[in-house]
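Next up is one chain by itself, shown in structure tokens, the form predicted alone.
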């Protein structure tokens, strides 16, 4: 989900959002405080209902943050003819968000205890937590919904037209600025919900998203920068490889194996699993 957000923004804007990691962290903290403070103590919801509500809160927080960043960074710099300025600006946004969260929440990690993480499921000799099932189910549903939106709705087709040729799309009556804003909002909402799903798995701190975004960049590059189908395939491939790495080599070698795969892909097929074609980026 995080890698798809990066792919969407690059596919439409040809720009990289280095603050995307912090959108994940904002989503995780939003989910944490919604579940532990608001939903349980104010609304009186049980733990399961509180956590499910927190996921939607994180989705909304990510969308609002994306809307704000688009208005403050991407929109003013979009027509300057310099791709470096928005890139540097997103680095500034990342530093701002990290330090703001550090000032608000402090450096001590939080423990986000999801009710699903406490439940263990068993199929034969295989054990896994209900949180893992929830992550897979929600991610699959979000990816399927996004794919269906991009392929079969009018707004999705208009967005692909903007990605292919922004000026021509504008001449055909499409509002490119509105579609670009929608793209950033969708990408940021995906990152926010991903933070809610990963919060109980990661050590929740103001820098928690950094560990996720590095792997997300690897997935985007392996799949083919800007290509949504390639990103989905690369995400599944990296997940399977990580699972076998943990089983046979140990968890300490996960990052080594993933980035060795990334280097191998850059040497043998630098275009990624699916070569970039502008008309099919998103």
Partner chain sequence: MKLALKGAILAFVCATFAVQAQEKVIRVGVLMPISGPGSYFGVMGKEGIDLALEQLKGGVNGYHLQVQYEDSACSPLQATNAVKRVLDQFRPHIVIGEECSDASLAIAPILEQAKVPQLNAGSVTMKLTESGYRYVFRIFPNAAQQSLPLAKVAYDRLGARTAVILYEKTNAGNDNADGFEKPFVAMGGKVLAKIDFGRDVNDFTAIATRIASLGRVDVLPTFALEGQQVRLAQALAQAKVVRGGGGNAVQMGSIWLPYGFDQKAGQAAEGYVRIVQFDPNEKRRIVQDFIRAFRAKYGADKVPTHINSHAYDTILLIAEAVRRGATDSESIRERFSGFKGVEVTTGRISFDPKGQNSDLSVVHFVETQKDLSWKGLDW
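Numbering follows the first chain given and starts at 1. These numbers were taken from a predicted model, which means no experiment stands behind them.
Note that the form predicted in complex with its partner chain isn't included here; everything after this is about it.
Across the options 165 to 173, 72 to 80, 141 to 149, 102 to 110, residues that bring heavy atoms within 4.5 Å of its partner chain in the predicted complex belong to 102 to 110. Residue contact check for residue 87: none of its heavy atoms lie within 4.5 Å of its partner chain in the predicted complex. At least one heavy atom of residue 201 is located within 4.5 Å of its partner chain in the predicted complex.
Using a 4.5 angstroms limit between non-hydrogen atoms, residue 47 is distant from its partner chain in the predicted complex. Interface residue remark: residue 127 is counted as part of the site for its partner chain in the predicted complex, having a heavy atom within 4.5 Å. This chain appears without its partner; in the predicted complex, the one residue of 136, 155, 117, 91 with a heavy atom within 4.5 Å of its partner chain is 117. When its partner chain is considered in the predicted complex, only one residue from 67, 236, 257, 246 comes within 4.5 Å through any heavy atom, namely 246.
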